[in-house]
Every structure is written in C-alpha cells, then in structure tokens.
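Okay, here we've got a single chain as structure tokens, the form predicted on its own, with questions on binding and movement later.
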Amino acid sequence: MKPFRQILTVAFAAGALLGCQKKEETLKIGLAGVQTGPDGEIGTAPIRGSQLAIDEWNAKGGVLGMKIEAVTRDDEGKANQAVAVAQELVAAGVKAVVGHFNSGCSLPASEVYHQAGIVQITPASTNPQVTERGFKQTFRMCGRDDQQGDVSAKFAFDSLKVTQVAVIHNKTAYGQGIGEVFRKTFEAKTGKVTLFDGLASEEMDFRATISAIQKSGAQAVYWGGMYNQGGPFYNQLRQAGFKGAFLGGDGIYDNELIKTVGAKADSLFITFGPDFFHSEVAKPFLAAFKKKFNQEASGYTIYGYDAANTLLQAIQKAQSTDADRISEALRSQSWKGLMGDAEFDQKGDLKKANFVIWTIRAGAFAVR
C-alpha cells in the first residue's frame, strides 16, 4: 500500500502543478480613449475600429489559441482620468493596450504602462513626446505633430501663397504642440506669424480672438485643436467677414465638423492620412463596420482597426504575451494594414507617415 500511496501523492502533486500552469483561456486587450464629452465622437471611432478587429480575430479562433477579451475604458479626455484608467487596465490583467486617443492622455497613461511592462499602441496621439522618452513598449499607429504641422505650414506658404498667419491653439499637449511646429516651419520659410495665442478647450465665443486676428493682418488662420471648437471658430470667422484660409490638424477631421460648417465650407484645409474610403482593400472593412455599428466609418476608425490588427499579428508572431517579445516582434518587420504598410522605428514611430491635405467638397472630406 505504501508504494501506491506514494504514486497517488506524486500524481496529485503533478496534477496540482499542471493546474497552476494551465494556459490562460482569454487574452485581455485594453481599449482606452475618450468616449464622452466634447471629443467623444472622434475618440470613440478608433475604439470601435479595434473592437471590430478583435471580433474578426475571435471568429477565426482568437490568437495563440485564446479568445480575445476587449477591456474598454473611457478616459473622458482628461489626464488624471487617463492615469486611473491605465491603473484599472493593469489591475484587470491586460497584456497590451490600444489607446489612448488624446496626446494629453497617452503621455501620463504611458508612464503607468511603462512601469507595468505593458505594450501600448496609440492610434491617434500625435505629440512627439509620446515616443521620445525611451519607452521601448510604446508605439503609435499615426504620424507625429512635427510631421503634420510641417506639412500644413509648407502648404500654406508654398501652395496658398500666404505670408502672414495667426496661430490659435486649445492649450493642450496636442493643440499647442502642433501649433508650435506650424509656427516654426512657417517662420523658417520667411512667413510671419502675426498672432500666437491659446484658448481654453471649453471656450466657444471667439469674438475677442477674431478681433485680434483681424487687427494683426493675418491672411489665414491655423487652428491647433479639435473639431468641436474648430467648427464654431470657422463659422464665427466667416460671420465676422474673415475670408482667409482656415487650416488645422487631424483633430478636426471628423464628420461632426462638416455638420457644423456646412457642405459648402470654403478654403478649409486639414492634414490627415491618405484616403482609404475609396480603396478597394478597405471595402470589406467599411461594410463590416456599417453592419456592426449601423453607421459609416469615420477617419480614425481605421487607425484603431489597423492598430489592433497589427498588435494581434505581433502577438501571434512572438508566440507570447510577454511585452518585450511583442515589442521585438512589432519592430521586426513591415505590417500590412488598410492604410498601407506600417513599419516601426526604434522609438515606436512609423518610419513613414503619409500626411496629405484634405478639404471639404460636395459635403464630404476629399483629398485636395
């Protein structure tokens, strides 16, 4: 009997050990960004794009034999809430995060992910500092403000032949950052920035600012901010008789802007990625998105979709949920997405960011 008891004891211990080492049944991926408040419309877009990608992976069996579970959180577009959200996601056991949307949220949240050893890939945060701090597990699926601000300034000076511009921003990491890049490039081309000023992100009465713009002699206005203020700002400029061009970054690329300024808005120019709405390769995505959410995909939806797909492909290639191995995989090759091939440098930035100039034509966004 003694040998039999010993066999039972060994078998029980081995079974217990295997139980402790049992493979996880789900892979938790955090989806974080602003879903409520002024930026809620544009911030929800990449989260929905990411969710669609996760659904498609799950329909094919998940990744590494695990079902993918999206853990979604709303950071309300606030830095302190973004930190709280990041801490919640870490506590929930996520292995990676697609988010956040606003640069002012990604910056503090990335500190939490960095400390926890979790991969973060933001679909929309363009402030250069997001990837300038040496965090090896931080990536972005979009370009940087020092790229799109540069494109806008060169377009204004070289194509629009504007020599005097007023730069107004919303005092955020994104808005002020992109405004400063525009100013630097525009002045380097011998243009003059007649006014550089910031407004609170909740300000909707632009009369005093417009008066200062008109007195400054500016021929155009560059807006460093979001669509919820950009639309009213544009309308009030036109109502005050200002006929110059209105330029802005990707923060105003949202269908809500068109609803605010109208289908016939003139001389309004935006930097954003290349046109995917008329791409053959994107048609299945556009149809699937409309079927799932009962609405048309907007600009940043595809950024979230590509970010999630790229992340999950990297996890599959790494054959691991370890952050270092995922990060190594992300940098190891070029990844095919609906926006084209994406290849990351050592900072976690795209090696090639294709910002183009958009305008409004026939009630829709169109590449100029």
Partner chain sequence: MSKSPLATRLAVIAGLLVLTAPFLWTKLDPDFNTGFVSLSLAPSNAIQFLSVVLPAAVVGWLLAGIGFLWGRFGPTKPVIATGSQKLFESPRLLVATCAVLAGFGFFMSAKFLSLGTFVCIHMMLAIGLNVTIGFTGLLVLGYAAFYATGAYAFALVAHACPWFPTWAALPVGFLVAASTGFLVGLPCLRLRGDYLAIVTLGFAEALRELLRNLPQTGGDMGLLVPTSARIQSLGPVGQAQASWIAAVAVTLFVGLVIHRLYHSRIGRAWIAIREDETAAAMMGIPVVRLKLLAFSVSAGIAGVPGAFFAGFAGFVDPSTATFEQSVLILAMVILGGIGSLPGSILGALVLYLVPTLLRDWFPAISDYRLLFFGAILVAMMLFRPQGLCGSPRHKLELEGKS
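Positions refer to the first chain, counted from 1. Predicted model, so just to flag it, every value in this text is computed and none were measured.
Unshown form predicted together with the partner chain; subsequent notes refer to it.
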{"property": "Partner-facing stretch of 184-192, 165-173, 281-289, 146-154, counted where any non-hydrogen atom is within 4.5 angstroms of the partner chain in the predicted bound form", "result": "165-173"}
{"property": "Contact flag, Asp275 vs the partner chain in the predicted bound form, heavy atom cut 4.5 Å", "result": "no"}
{"property": "Gln129 within 4.5 Å of the partner chain in the predicted bound form, heavy atoms", "result": "yes"}
{"property": "Partner contact for Lys136 in the predicted bound form: the partner chain, 4.5 angstroms, heavy atom", "result": "no"}
{"property": "Distance check, Leu160 to the partner chain in the predicted bound form, heavy atom within 4.5 Å", "result": "no"}
{"property": "Every residue of Gln219, Lys351 and Ala353 near the partner chain in the predicted bound form, heavy atom within 4.5 Å", "result": "no"}
{"property": "Stretch 52-88 - residues with a heavy atom within 4.5 Å of the partner chain in the predicted bound form", "result": "Arg73, Asp74, Glu76, Lys78, Ala79, Asn80, Gln81, Val83, Ala84, Val85, Gln87, Glu88"}
